[in-house]
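Just the one chain here, the form predicted on its own, laid out as C-alpha cells.
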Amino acid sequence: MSTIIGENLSTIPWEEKPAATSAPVWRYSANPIIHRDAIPNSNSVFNSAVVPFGKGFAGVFRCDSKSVSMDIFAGFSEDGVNWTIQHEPIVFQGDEEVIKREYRYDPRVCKIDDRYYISWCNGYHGPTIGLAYTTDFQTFHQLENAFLPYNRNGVLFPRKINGHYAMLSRPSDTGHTPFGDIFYSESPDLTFWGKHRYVMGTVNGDASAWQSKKIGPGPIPIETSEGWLLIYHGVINTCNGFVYRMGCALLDLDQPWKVKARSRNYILGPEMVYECMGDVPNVTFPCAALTDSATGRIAIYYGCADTVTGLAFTTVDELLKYMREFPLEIEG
C-alpha cells in the first residue's frame, strides 16, 4: 500500500465506495453540496478550494454574481459538506497596483508552515496567477502576481522542494484557451519565479482523446510514498463544445517535472444532470482535495457545469492502481 504523507484527518467527508461501482472515483450521494444560490447575489458557486482549519474547514469559493462578475469569497464549515460562505468578496491588503481588481476566479488554497496561500486566475491586463496569504481567513495579504499574462491554474506544492517554493501552472492565451500544457516553476521568495520545466501535455489522437485539447493542474498535489499524486483536468473539443474531465498522474518527489505514471482513462467525467447541465455544460473541474494519511482517503471538491459544487471520493491506492491498469505511455 502507498501512504499519504501528511496529517491524520479522520474528520474529512467520506462515503464508502458503492458495491456496484468499478470506477476509481465515486460521487457523494447528496451532490451537489453547494448550490448556485448559496449566497444572496450568487449566480453560481463552483471551482472552489477548501483546507482543514481550526476544528473544521475553511475555503475560498468562486461565486459569480447575478451580473456575472467573477470573484472569490471566504467560507467555513464544521463538516466539509455544509458551508457558510461570506456574502461579500475577499478584500486584499497590499500594493495598490497589485490589488486592483479586474476579475478573480478558480482559486486554490495551500497551507505552507503557518500560512494559507491562495492562488487564483487574476485579471491583470489578461489572466495571470494571483497570490495571497492569510492566517485566519479574515485578513488577506496579496503578493505580486506570479507570472506575466497569460496563465491559468496556478497550483502550489504544499512544501518547499529543494529549498524553493514550487508551482504548477498552465500557460494560456487571453481567450477560451484552445491549447494548454502543464509546467513547473520555482521561487526562492514567492515573488521571482523561474527554472520553468515542462511537465506534461495534451494527448493527440485517440490514445487518450478526453485530454486532447488542453490540460491543467487541479487540487494541491498530494505527497505520497511513491511520488506527488496529481489530480488534473483534461479537455476534448467535441461537435457540441468542450468537455472537461478529471485525470491523475504521479510526479517524482524531488523533480516534479518528471512524470512517473499517468492514466490514459479519465477518473471522473460529466454524467449526472448537475454536471451536464448548467451555465457551461459538461464540466467536472477539480480544485481541492482533502486527505487523511491514516486511511489514504481523498475527498475531491469539483465544479459542476460551472454552476454548482460537487464532492467525490477515492483513495490513493485506487488512483495508483488505476494508473497501473490503464497506463498512458510517458512522453520522453
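Quick caveat, the model's predicted, so the values are computed rather than measured. Each residue number is its position in the shown sequence, starting from 1.
The discussion below concerns the form predicted in complex with a small molecule, not included here.
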- Message: At 4.5 Å by heavy atoms, is each residue in A30, E275 and Y302 next to the small molecule in the model of the complex?
- Response: no
- Query: Heavy atoms within 4.5 Å of the small molecule in the model of the complex: does Y244 have any?
  - Reply: yes
- Message: Even though the partner isn't displayed, in the model of the complex is Y105 close enough to the small molecule, meaning a heavy atom within 4.5 Å?
- Response: yes
- Message: So in the model of the complex, is the small molecule close enough to S48 to count as touching (4.5 Å, heavy atoms)?
- Response: no
- Message: A288 versus the small molecule, in the model of the complex: is there a non-hydrogen atom within 4.5 Å?
- Response: no
- Message: Looking at 289-297, 261-269, 52-60, 276-284, which stretch has residues with any non-hydrogen atom within 4.5 Å of the small molecule in the model of the complex?
- Response: 276-284
